[in-house]
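Just the one chain here, laid out as structure tokens, in the form predicted alone.
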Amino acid sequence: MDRVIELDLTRLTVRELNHYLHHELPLVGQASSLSAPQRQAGSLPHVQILNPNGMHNLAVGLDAPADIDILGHAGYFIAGMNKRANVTVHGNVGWSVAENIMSGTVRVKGCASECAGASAHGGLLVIEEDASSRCGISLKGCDIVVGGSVGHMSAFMAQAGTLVVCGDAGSSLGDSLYEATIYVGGKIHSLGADAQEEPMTAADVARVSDLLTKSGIARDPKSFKRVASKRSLYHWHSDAGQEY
């Protein structure tokens, strides 16, 4: 699909923008002008969101295949609850980008603030530069790749999925970790409760290599460290004296 749909936030409200993305954009891919071979080839509607100027809640709740480019810095809860769309932010974002994402891809060309990918169930979140604290908090199946470093308490209570950090990780990484896996290419300030470093296997190297390739980030997958759960917090023990 050659035509690019431009939506200018100096002329539209955030509500009007999201209404279009929810109700009108899905019909574009079904239009008669899009032939069956094009649909089968994966040609998607392409939207450019102009002048985001740090606004919140842009492109949330998408439920149709589309390529969405946000041309500038954006605020909180960008591309939350995404399903099937590919959203790219050409700038930085605030809190909770791609929170509760179900599928599709969200890419941030700059940095992300706190709680990136919170409770994310599926899909891929790529942050090309740094992410702040609690990246991947309560992760539930999404893959997150951070090209830079992450702040403290990242992957706190992460239950499933993968967090790949190409740079350094702040304190209490993986605190109360369940079945998610963390890979860190740089230094780890400290591990949280129930997290431990484990040997990298061939399967781990292959997994990191695959995610780096999908993310377009060039790093040696063999240089990463693996962090996973000790599984000692799965059950409460009366003789623990409240010390875990």
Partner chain sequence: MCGIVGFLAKKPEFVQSLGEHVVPMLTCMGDRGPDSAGLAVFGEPVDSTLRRFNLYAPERCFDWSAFEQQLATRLGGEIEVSALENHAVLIGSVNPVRFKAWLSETYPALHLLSTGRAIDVYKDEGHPTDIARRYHFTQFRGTHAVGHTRMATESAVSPAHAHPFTAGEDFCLVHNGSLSNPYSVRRKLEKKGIRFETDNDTEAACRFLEWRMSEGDQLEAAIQKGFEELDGFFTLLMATADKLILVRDPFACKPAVAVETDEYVAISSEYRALAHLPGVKNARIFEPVPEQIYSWTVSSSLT
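Positions refer to the first chain, counted from 1. Bear in mind that the values here come from a model prediction, so they are computed numbers and not experimental data.
Not on display, but discussed next: the form predicted together with the partner chain.
> Though the partner chain is not shown, can you say which of 54, 61, 26, 186 has a heavy atom within 4.5 Å of it in the predicted complex?
Selected residue: 54.
> Does any part of residue 152 reach within 4.5 Å of the partner chain in the predicted complex? Heavy atoms only, please.
Answer yes; at least one heavy atom of residue 152 falls within 4.5 Å of the partner chain in the predicted complex.
> Can you tell me if residue 162 lies within 4.5 angstroms of the partner chain in the predicted complex, counting non-hydrogen atoms only?
No, residue 162 sits far enough from the partner chain in the predicted complex that none of its heavy atoms falls within 4.5 Å.
> Is the gap between residue 86 and the partner chain in the predicted complex 4.5 Å or less for some heavy atom pair?
The answer is no: residue 86 has no heavy atom within 4.5 Å of the partner chain.
> Is the gap between residue 140 and the partner chain in the predicted complex 4.5 Å or less for some heavy atom pair?
No, no contact at 4.5 Å.
> Within 4.5 Å of the partner chain in the predicted complex: all of 77, 96 and 107, by heavy atom?
Checking in the predicted complex: none of 77, 96 and 107 is within 4.5 Å of the partner chain.
> Go through 162-170, 109-117, 142-150, 77-85 and give me the stretch that gets within 4.5 Å of the partner chain in the predicted complex, heavy atoms only.
That would be 109-117.
> Going by the partner chain in the predicted complex, which residues of 128-143 come within 4.5 Å of it through any heavy atom?
Sequence-ordered list: 132, 134.
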